[in-house]
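First, one chain by itself: the form predicted alone, in structure tokens.
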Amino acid sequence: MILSARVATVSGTRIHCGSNALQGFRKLLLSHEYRKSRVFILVDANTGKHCLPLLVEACPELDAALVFEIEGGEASKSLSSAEKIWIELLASGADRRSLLVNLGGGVVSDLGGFIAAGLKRGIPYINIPTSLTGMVDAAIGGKTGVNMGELKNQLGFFYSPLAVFVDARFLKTLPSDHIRSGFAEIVKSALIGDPVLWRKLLRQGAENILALDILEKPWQDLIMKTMTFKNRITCQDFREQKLRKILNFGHTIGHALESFVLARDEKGLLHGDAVALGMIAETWLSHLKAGLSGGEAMEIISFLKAGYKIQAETLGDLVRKTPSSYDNIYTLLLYDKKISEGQVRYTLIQAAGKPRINRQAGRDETSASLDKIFD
């Protein structure tokens, strides 16, 4: 079963899903003014090899497009990468009618959107997500950004893509660790917005879900539910004044963990793995600060640990051999974009489906929550 829906999204953007999504992209490309200017494509080393041929086959006109290739991973999501591509775009005659097509996962979507937003005060761009994380999270909602050193997403814009085209066949190009990474965003969405779905996930177990074929109906239903949920939230609160903050569950500590690992290991930690580990910690914070029952907290923690056991153990080894590791992680939290008056502000849950935003927690409570990752 392949995704087969078309969903309206934020600020006039549309999400096109299904086996005909790439034909929809071709129709848009041929009918719009971009054909009067230049089309550019941003890929990483993997999507350039495995996904670009499928896109060009569906849209032969792209054979003349100029392709920019970056290395995969968070290290490429930098201001220097953006500057390099800006220079090449300008040298290649890019103007305000040019179109940038982002073909890749979260790093490509974030970086490409940032590049489009910054060039000539904004050129149109399209996201064609090829990873599970991209489909259910990064490609939707118009958040763009790059890192500053090991600090996550310190520079960025709210700038919507013209459209998002989702073809689930790209998921077959992914290694299993990227499926696992994207699954974390599905779990997050269930915990903050769909208690019925959360109970279903809990009954099935993370290991059993991750063992299913990504193109089978159970996975496709999960993807569609998650995309629809994020779309609905971002439509209502594009600039994250209030409601959209619920999407940050697991991300505050998760981003700090990403930064902590990236500073010590150039391979870094996959975004979804970091979010999963962040959700373990923030679930315990929810028990301490938001009224989540101890029993429900342990259900959630046990579910996540079953799916991300190796990642928790690997992070634990790095934490134990790093002096003052918790102090380092807490310092990274103080760079979070949600800091207000020197206080870290979390999105927590009172129960599945009952998120609570702007909850504060101090150093000792944060340390206690980090312990839960490694217990």
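Each residue number is its position in the shown sequence, starting from 1. Quick caveat: nothing in here was measured; it's all calculated off a predicted structure.
Below, we turn to the form predicted in complex with a small molecule, even though it does not appear here.
When contacts are judged by a 4.5 Å heavy atom cut-off, residue 73 counts as touching the small molecule in the predicted complex. Using a 4.5 Å cutoff between non-hydrogen atoms, residue 50 counts as a contact of the small molecule in the predicted complex. Residue contact check for residue 198: none of its heavy atoms lie within 4.5 Å of the small molecule in the predicted complex. None of the heavy atoms of residue 293 is located within 4.5 Å of the small molecule in the predicted complex. With the partner omitted here, the residue from 174, 94, 209, 301 that has a non-hydrogen atom within 4.5 angstroms of the small molecule in the predicted complex is 174. Though the small molecule is absent from this view, in the predicted complex it lies within 4.5 Å of a heavy atom of just one residue from 105, 161, 112, 250, which is 105. Using a 4.5 Å heavy atom cutoff, 44, 138 and 185 all lie near the small molecule in the predicted complex.
You can rule out all but one of 260-268, 220-228, 174-182, 285-293: in the predicted complex, only 174-182 has residues with a heavy atom within 4.5 Å of the small molecule.
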